[in-house]
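As structure tokens, one chain now follows by itself in the form predicted on its own.
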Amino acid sequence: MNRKSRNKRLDKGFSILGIASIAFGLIVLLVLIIDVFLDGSARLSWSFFTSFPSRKPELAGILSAWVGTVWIMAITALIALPLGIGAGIYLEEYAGKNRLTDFIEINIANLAGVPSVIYGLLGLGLFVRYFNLDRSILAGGLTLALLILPVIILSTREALRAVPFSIREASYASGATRWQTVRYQVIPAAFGSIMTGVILAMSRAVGETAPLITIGALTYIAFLPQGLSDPFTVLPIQIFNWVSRPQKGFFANAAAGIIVLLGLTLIMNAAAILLRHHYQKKIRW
């Protein structure tokens, strides 16, 4: 048997092994999802969404959790989107190629892979203690903004890089400045891909638990936050709290909370796919 045929057999074997691993993972995931739906679907009702947490599992709800999630996601988006998209545009379209920009790019790529609990420790030391924001919504939003900022910068740069350079050349040939070219040609062409990356980054943030627990987010709140300085809880933390309870009734509540969180994540991912498909049909190069 020559080396070429041996390599073909190895490639075929690895392909079969990869397909089998993917199929096994999908089966396990499907079984887990079905089990969650069987346990939690009976708890999904209007009162479940409009009730505060309770010591009695049949009366407990996720009102404070989903309201806190909306607050945190709004603050995270308001901070991370302009900074991330702006930094990506600057690094890709304006920054010169030198050692400083290479150093910045390497660190941004590394930060995108840092475990989320590290960002929680950073938020605890910087926002909670140094800036005295305490366990507030603002501290949580700033921490999650730091978490998704590298992802938004990288996805923005990739989206801008995918725009053909001929579009820029045609704009320059028409007498447009660099800003006019970026503002009216490059960004509209890359907008769908940029927003896809933003939505995927936000869908990651909505399911994060470790950073918010690290900065001291509460697990039990029987009131709604009224401002940025109020304490908060979010859906993943509420689910974690219910799972840690010994009563079996709380397991059904946790399963119902997982269904809500899973539905929210799927909606955000579906929106990203539809948005990308819409702009791919609209812009053809």
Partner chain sequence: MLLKRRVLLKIKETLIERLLFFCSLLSVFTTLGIILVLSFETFEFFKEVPVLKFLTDTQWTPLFINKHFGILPLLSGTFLTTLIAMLVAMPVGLVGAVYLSEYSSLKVRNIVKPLLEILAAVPTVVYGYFALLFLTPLLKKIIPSLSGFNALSSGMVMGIMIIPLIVSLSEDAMRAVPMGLREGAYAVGSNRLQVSFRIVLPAALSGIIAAFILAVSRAIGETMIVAIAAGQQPKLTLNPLVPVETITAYIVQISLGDTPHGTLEYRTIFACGMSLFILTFILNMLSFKLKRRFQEVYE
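Rigid core (definition): largest C-alpha set, two forms, superposition within 1.5 Å. Numbering follows the first chain given and starts at 1. Remember, it's a predicted structure, so these values are computed and weren't measured experimentally.
Although it is not shown, the form predicted together with the partner chain is what the next lines describe.
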| item | value |
| --- | --- |
| Interface residue in the predicted complex among 224, 26, 59, 42, criterion: non-hydrogen atom within 4.5 angstroms of the partner chain | 26 |
| Contact test in the predicted complex: residue 146 vs the partner chain, heavy atoms, 4.5 Å | yes |
| Residue 275 within 4.5 Å of the partner chain in the predicted complex, heavy atoms | no |
| Contact of residue 131 with the partner chain in the predicted complex (heavy atom, 4.5 Å) | no |
| Contact flag, residue 117 vs the partner chain in the predicted complex, heavy atom cut 4.5 Å | yes |
| Neighbours of the partner chain in the predicted complex among 179 to 195 [non-hydrogen atom within 4.5 angstroms] | 179, 180 |
| Core-aligned C-alpha movement of residue 101 between this form and the one not shown, 2 Å or more | no |
